[in-house]
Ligand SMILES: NC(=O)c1ccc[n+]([C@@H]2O[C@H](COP(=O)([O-])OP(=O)(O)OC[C@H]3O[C@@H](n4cnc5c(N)ncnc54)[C@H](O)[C@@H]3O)[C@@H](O)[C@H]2O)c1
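The form predicted on its own is given below as one chain in structure tokens.
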């Protein structure tokens, strides 16, 4: 039996890139997956179903309380509740690196709302279900930028630092409910969205492999094992922690 059989996972930002790979991997391990994304998530859900898994797609914006309440309600109606939340939705690939004095404040607010507040709203939408089901797992997708400090992406780096702090505080708050909260911090990951942004490719792609102990590009599939571990039974006494997945560029 796959280790996540009988579990229900809600993954934000699941339509493409890292989120899509997480959805597919959790489904392979037996979880019923609720694919949530502002961009149409139906294709990811259909791929899971075609492979023999269980999936539901919900078009929703993580910054909307109503949208996320609707996603959680759909998960409960279809699968009985939510056991696992993966807070993956975030703004990164579309950002243009620039000095902090030149970053538009509207872009600052959008990054913080999606990358930080979106995770809070998603957690609030499912925590009641997790409590009713006797516990759960929240896995936040952070970034090694919060450890290393990356110039010209101050808003993104700051948002991921907030995700790390949120992970620790939420772990303290929810531990008594049997809800474990951890994070995965990827390094620079070459996804379709990143490849479409020439600034990211030119500034980071060439340098990232040479900084790693494992000297190759990082791809979305490299992250899924850590997420699966934190969502599954082998991590039952781990909370408030962050696993860095970057091929050994930053030792945490």
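Positions refer to the first chain, counted from 1. Please read all numbers here as calculations on a predicted model, not as lab measurements.
The next section is about a form of this same protein that is not shown, the form predicted in complex with the ligand.
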**Message:** So if I measure heavy atom distances to the ligand in the predicted complex, which of the stretches 90-98, 146-154, 125-133, 175-183 falls within 4.5 Å?
**Reply:** 90-98
**Message:** Check residue 114 for me: does it contact the ligand in the predicted complex (non-hydrogen atoms, 4.5 angstroms)?
**Reply:** yes
**Asked** Even though the ligand is not shown here, does residue 29 get within 4.5 Å of it in the predicted complex, heavy atoms only?
**Response** no
**Message:** Taking the ligand as it sits in the predicted complex, is residue 62 near enough to touch it, meaning that at least one heavy atom pair lies within 4.5 angstroms?
**Reply:** yes
**Item:** residue 57, heavy atom within 4.5 angstroms of the ligand in the predicted complex
**Value:** no
**Request:** Enumerate the residues of 163-191 that have a non-hydrogen atom within 4.5 Å of the ligand in the predicted complex, in sequence order, or give none.
**Result:** 186, 187, 188, 189, 191
